[in-house]
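What follows is one chain in C-alpha cells, specifically the form predicted on its own.
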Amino acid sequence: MSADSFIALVERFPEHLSEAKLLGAGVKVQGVDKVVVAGIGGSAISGDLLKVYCSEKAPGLHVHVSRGYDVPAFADSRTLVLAISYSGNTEETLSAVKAAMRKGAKIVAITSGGKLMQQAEQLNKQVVAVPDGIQPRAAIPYLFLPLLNVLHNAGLIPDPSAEVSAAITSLKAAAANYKDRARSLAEKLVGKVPLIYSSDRMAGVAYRWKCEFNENAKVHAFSHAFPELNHNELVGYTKLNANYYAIVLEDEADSRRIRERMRLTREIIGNKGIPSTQIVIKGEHLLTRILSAVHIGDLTSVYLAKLTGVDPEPVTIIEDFKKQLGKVPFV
C-alpha cells in the first residue's frame, strides 16, 4: 500500500465504523460481571476506549486492559476475557488466552485469523471475525465496536446502537472540518515532540494519539492526564531538553476544575516558550466525542507523516524486533 493509500484508509474511518457496527452482535455471553480486554498495541487500544465509554455507561463495571502474557489475578469464572489480536498471531495474547482458560474465564476472540482463530475454534470459543489486510491500528473500528455489542448482549451496558449510528452520522458530517483541523495541527508539529494531555477519564484517547504519532509519523510522543500531571510532569518544564508541543484534549463534559487546570497549565508552559493547541471535543453522546477525538488524532499523525516525507504504514523497526525475538525460544 502506498503512503497516500494508507492516508486515504485513515480518512475512511467513518465508513469503517459503518461496516463494523454489527460485528459481534451475534455473540452471547452470560454470567459475567467483570471484563478483561487482553491485547497489545493497536489491538489493545480498543480496550482503553471501552474503559472511557464504560466510565459513563457502566460506572460500576470493572473493565481491565491487560497488556501482557497473563490475565489479572482476579480473573475467574465470572470474568469475560475479550482476547484481541488483529493478526491472530500475537504471542502475548495467545498466552493470555491459555491463562484465562486455566482460570475458567469466559473467552471471546476478536481477530482476522491466525493462531488465535484456530485456538478459539479448537477450544469451542466464540469468535468475532474482522476484515484482514490492514495495519491493526487502522482497524480500530472493527476491533472496538464489537466490544460494545458483546457487552450489551451480556447485559453489562445499555444498547449502544443508537449512539453508534449518531456517531457515524456526526463524523461523516464533520469529515472536511476534521481534515482541515488535522492538517493545520500537523503543520505546527513538524520538528516537535508532541505531548498529549487530557482529563484522567479521557486518558485512553490521549494514549491513542501518542501511539499514532509513534507508529504513523515515526516520532516520539507522550501522553499524561490531569490532575496527576500537575503534580509531576509540570515540573519538567523547568529545564527543557526537547522541542515540545502540547496538545490538550478537553472533553466538553470535563469538570470545571479540570478545565481550569488545563487553562493554567497552558499559560504556565506558554511562559516557558512551549506552544500548545487546545482541542475541545464536542458531541451529544460520549461515544461521538471518543470517536471524533480518535479520528482527529489519527488524521493529524498521518498528515504529519506526509509533511515530513515519512511513509505512515510500515513499522519496520517493530517487525525487525519480532524477528529477533522469534529466535528466542518461548518458554
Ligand code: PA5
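Source: prediction; values computed, not measured. Numbers for residues come from their place in the sequence shown, where the first is 1.
Keep in mind that the form predicted together with 5-phosphoarabinonic acid (PA5) is missing from the display, and what follows is about it.
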How about residue 315: is it within 4.5 Å of 5-phosphoarabinonic acid (PA5) in the model of the complex, going by heavy atoms?
-> yes
Residue 254: heavy atom within 4.5 Å of 5-phosphoarabinonic acid (PA5) in the model of the complex?
-> no
Applying a 4.5 Å heavy atom distance criterion, does residue 137 contact 5-phosphoarabinonic acid (PA5) in the model of the complex?
-> yes
Any non-hydrogen atom of residue 43 within 4.5 angstroms of 5-phosphoarabinonic acid (PA5) in the model of the complex | yes
Just give me the single entry in 170, 87, 153, 214 that has a non-hydrogen atom within 4.5 angstroms of 5-phosphoarabinonic acid (PA5) in the model of the complex.
-> 87
Options 35-43, 51-59, 271-279, 284-292; stretch whose heavy atom lies within 4.5 Å of 5-phosphoarabinonic acid (PA5) in the model of the complex = 35-43
